[in-house]
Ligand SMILES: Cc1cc2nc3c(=O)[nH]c(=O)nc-3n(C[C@H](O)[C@H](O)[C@H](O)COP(=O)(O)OP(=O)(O)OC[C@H]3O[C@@H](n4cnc5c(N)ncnc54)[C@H](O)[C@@H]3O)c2cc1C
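Taking the form predicted alone, here's one chain by itself in structure tokens.
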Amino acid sequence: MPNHTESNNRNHTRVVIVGAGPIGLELAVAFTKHQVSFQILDAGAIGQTISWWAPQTRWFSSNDRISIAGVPLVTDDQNKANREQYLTYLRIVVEQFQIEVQCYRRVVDIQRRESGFTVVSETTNGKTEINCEIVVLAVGGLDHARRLGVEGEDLQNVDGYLREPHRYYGRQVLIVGGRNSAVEAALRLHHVGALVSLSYRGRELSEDNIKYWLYPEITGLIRSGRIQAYFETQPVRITPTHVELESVNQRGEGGRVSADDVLTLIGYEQDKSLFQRAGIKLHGENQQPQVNEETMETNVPGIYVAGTALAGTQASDYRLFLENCHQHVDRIVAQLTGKPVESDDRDSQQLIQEAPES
């Protein structure tokens, strides 16, 4: 069923929300409660970024910190929610509040009109336009896997995402990276019977940058030789059968490592194209969209940013997570309705907002 706040005219609404992740959905629920007409679109399914996590991956954050819209997130074992549990939770929120999400509708352009905007989206059936007064970009910051930029990176045995771990049983897998994604993949593939090796530019794995329940196990397996680690190295060429590593500073152990599969888990990048098309100013090393912290409005009047999209591409020092983005919803709702909204007390951290570079 359509949400009751939506206009009968599918080509016009007050607000278009781009992105149906947790913050986009939380905003949709808030608009429903405050009778603000909206449409919400996503290039994939709801919770698209979470859906490409490997099966059974657990959140680092506690359940109360990642719950949305006042709906409790409860797991049967009282542990932190995993991928499957959280996707189920998001579906429950959508059903409970009867939010109609237009899935698999990628927004490709935001055009200014005399009064408001035209949001252009596309599917396999062609393009659609929606006229609106307000646009909220809740698109996240993990659109594409970061690339190494080396020969052989486009081979079929190279992937920037960990898929179903079972598929790697009995195979030699080289994992490139040394932070949470790489470490979790190394452990999970080791446990399903893959022969795992690790290439990392650093001198050692940093305890500060790895989930506390993963660090002791990965370091123990490396010390015992059950996972081979090539520290202070980087790939320079990938083939269907092996990877050539080189030392990054003459101390690392380069050479040729046999590999049936290569996982390049070195981080993810935000797609900036929609911000640029809309005329939103980007600044800082992460190319963050510029916003008014009190309202979440960008330099383009009528366009707002919510969620981790505010941080741009968080290359290594992650500072903005789902759990400290709930305030964004309150601020946008207050701005559009003119009614103060009680701030979510889970949010105690300041927004990321560095001064623009000159």
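Residues carry their position along the shown sequence, with the first being 1. For clarity, every value in this text was computed on a predicted model and none was experimentally measured.
Beyond what is shown, the protein has a form predicted together with this ligand; the following relates to that form.
Heavy atoms, 4.5 Å, this ligand in the predicted bound form: which of 233 to 241, 282 to 290, 71 to 79, 268 to 276 makes the cut? Say which one.
-> Of the stretches listed, the one contacting the partner is 268 to 276.
According to a 4.5 angstroms non-hydrogen atom cut-off, is N63 in contact with this ligand in the predicted bound form?
-> Contact with this ligand, no.
Evaluate V16 for contact with this ligand in the predicted bound form, applying a 4.5 angstroms cut-off between non-hydrogen atoms, and reply yes or no.
-> So V16 does not count as contacting this ligand.
Classify V183 as contacting or not contacting this ligand in the predicted bound form by the rule of any non-hydrogen atom within 4.5 angstroms, answering yes or no.
-> V183: no, not in contact with this ligand in the predicted bound form.
Mark V36 yes when one of its heavy atoms lies within 4.5 Å of a heavy atom of this ligand in the predicted bound form, and no otherwise.
-> No, V36 sits far enough from this ligand in the predicted bound form that none of its heavy atoms falls within 4.5 Å.
All of E133, G302 and L336 within 4.5 Å of this ligand in the predicted bound form, heavy atom check | No residue of the spot touches this ligand in the predicted bound form.
Interface residue in the predicted bound form among T313, Q327, Q48, T32, criterion: non-hydrogen atom within 4.5 angstroms of this ligand = Checked against the cut-off, the match is Q48.
Taking heavy atoms and a 4.5 Å limit, what residues of 17 to 41 are near this ligand in the predicted bound form?
-> Stretch hits, in order: V18, G19, A20, G21, P22, I23, G24, L41.
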